[in-house]
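Below, in structure tokens: the form predicted on its own, a single chain.
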Amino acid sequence: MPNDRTRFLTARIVRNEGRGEIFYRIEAIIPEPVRFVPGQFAMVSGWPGNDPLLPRPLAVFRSGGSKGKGKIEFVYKVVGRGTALLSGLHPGETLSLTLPLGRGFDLEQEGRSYWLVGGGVGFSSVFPAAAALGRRRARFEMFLGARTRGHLPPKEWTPGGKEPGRIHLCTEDGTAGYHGRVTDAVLERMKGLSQESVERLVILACGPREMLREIAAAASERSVQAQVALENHMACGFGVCWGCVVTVWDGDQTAYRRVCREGPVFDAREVVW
């Protein structure tokens, strides 16, 4: 059976390929299957030497396996030296992993409808949630936002894409789907909801902070529950260094919470935007 305790593992890469214009997908074999909650992440490294010194946090995209062997997949975007080095690794080379880490999305609410909102590489956190909801036959739709068509995730990665009306593509330049920001598409759709639909709705979102702030404000205006996965920079990944803190409301006061430990998923109402 898969195990959900945090552990340190060495993985062997079997695939590391670029897809579309900007994304990479890395697949590796691990000694045992790992169970994770969508929204959780791993600290990943694999480059020789100690430059950069710190591993990189990557959302767990998919995990499986049987008979004592496991498989793990991550999707990432090259944004700096660490991810650039990851993109240059080849099958047969190894990764050092610490996983699973953090708090994921709460998907266990019966009778709810879910809107999953992914901006940029944020889809790597909401796609696992979509897959989990699909297995439960829960109702969900996805809103995927990017600057242009080439920055959207490949169709074959998208869970539930075969059902008409389930996937809403949004591009800022109008090259695919809705012409505008993904937050605008969500706001327009929300305006047409009945009060009954609003009361059943839960929004799960991951993407740039400005996108999450606008989603949180829209959800608050109509009293919709929203969970947001934050993408703060991390150092240790398991709560020791306090280098990834976010300011949250604690009653009438503010407090600090660690994105790697108490998050990365937070109730949107908790976050001081």
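What you are looking at is a predicted structure, and each value in this text was computed from that prediction instead of being measured. Start at 1 and count along the sequence shown; that's the residue number.
The next section is about a form of this same protein that is not shown, the form predicted together with another copy of the chain.
This chain is displayed alone, yet in the model of the complex one of Cys170, Leu85, Leu133, Met190 has a heavy atom within 4.5 Å of another copy of the chain; that residue is Leu85. Of the listed positions (His179, Lys71, Arg81, Arg149), a single one reaches within 4.5 angstroms of another copy of the chain by any non-hydrogen atom in the model of the complex, namely Arg81. Of the candidate stretches 25-33, 214-222, 48-56, 200-208, only 48-56 has residues whose heavy atoms lie within 4.5 Å of another copy of the chain in the model of the complex. At a distance threshold of 4.5 angstroms between non-hydrogen atoms, Arg137 is out of contact with another copy of the chain in the model of the complex.
Contact annotation for His90: at least one heavy atom lies within 4.5 Å of another copy of the chain in the model of the complex.
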